[in-house]
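We begin with a single chain expressed as structure tokens, specifically the form predicted alone.
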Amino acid sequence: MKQEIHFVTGKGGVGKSVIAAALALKKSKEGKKVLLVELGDQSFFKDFLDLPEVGYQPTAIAPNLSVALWTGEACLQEYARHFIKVESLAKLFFENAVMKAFINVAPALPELAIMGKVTSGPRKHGPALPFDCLVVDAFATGHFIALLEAPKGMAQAVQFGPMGEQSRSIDACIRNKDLTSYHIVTLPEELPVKEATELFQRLKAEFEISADLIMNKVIATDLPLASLKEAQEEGSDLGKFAAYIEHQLEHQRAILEKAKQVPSDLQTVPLYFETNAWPLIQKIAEVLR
């Protein structure tokens, strides 16, 4: 079985982390062994799911589902330890002041290390990653582009030797639609849809990548318009609420029409009034395709 890789991104505040967790749960319920990967220095899922700790090594949180938190430096250190073999030499390498300075200023090196780790399974390179599926709760839009650009940029800068070869291998993997899928999360609002559309177009133009759009927090109701109009005539608080709902539904309808103009597979996720993390994730997992 080929290892699946799913990247979930979107404008900050659209709920991409919750969607990523729901997608990971959905895949785990299909019988796949899934790793939900967070990128960055702090874990969202630690507090959201009330976990004791989330670190670099996978932590099981449900049947067939684990979570991990990866930084560029941690990915680079693991990669070096895997090939240097001698722990003392690897430690000396990363505690060296010159090497530390190089890692901090080297353009896109942390992003390249992360992408190397994410794609290590299909490429069969580096430490083993025994999962059928990786769901990556990736950076928000701007930083996500930098993440994808890192392998190509390094391959152009270092055209020969292992670094160039590995960079080209990573770049090929993230463009392979049989291995890697991309999901852009947005909201039924002007700015998130505008940013999601621009990201979709940029992925297509620069990377030949086709992404799915996931419209989160869509108000779903079977109330007929006539009922809302009738309630407004009463002039009560209920009438004011009905007027608000009508306005929101009209605005949402217009936004959805704009989103449908993007040549993408558009999924909608209802707005759930659920305050508990796991029930919310389970409800979203049930509606994701």
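It should be emphasised that the depicted structure is a prediction, and the values quoted were computed from it without experimental measurement. One-based numbering along the sequence shown.
One more form of this protein exists, namely the form predicted together with a small molecule; it is left out here, but the text below deals with it.
- The single contact residue among R168, R175, K217, H125, judged by any heavy atom lying within 4.5 Å of the small molecule in the model of the complex, is K217.
- Taking non-hydrogen atoms only, L280 approaches the small molecule to within 4.5 angstroms in the model of the complex.
- Using a 4.5 angstroms threshold between heavy atoms, F48 counts as touching the small molecule in the model of the complex.
- Using a 4.5 angstroms limit between non-hydrogen atoms, W70 is distant from the small molecule in the model of the complex.
- When contacts are judged by a 4.5 Å heavy atom cut-off, I5 does not count as touching the small molecule in the model of the complex.
- With respect to the small molecule in the model of the complex, the three residues I184, V193 and L266 uniformly fall beyond 4.5 angstroms at the level of their nearest heavy atom.
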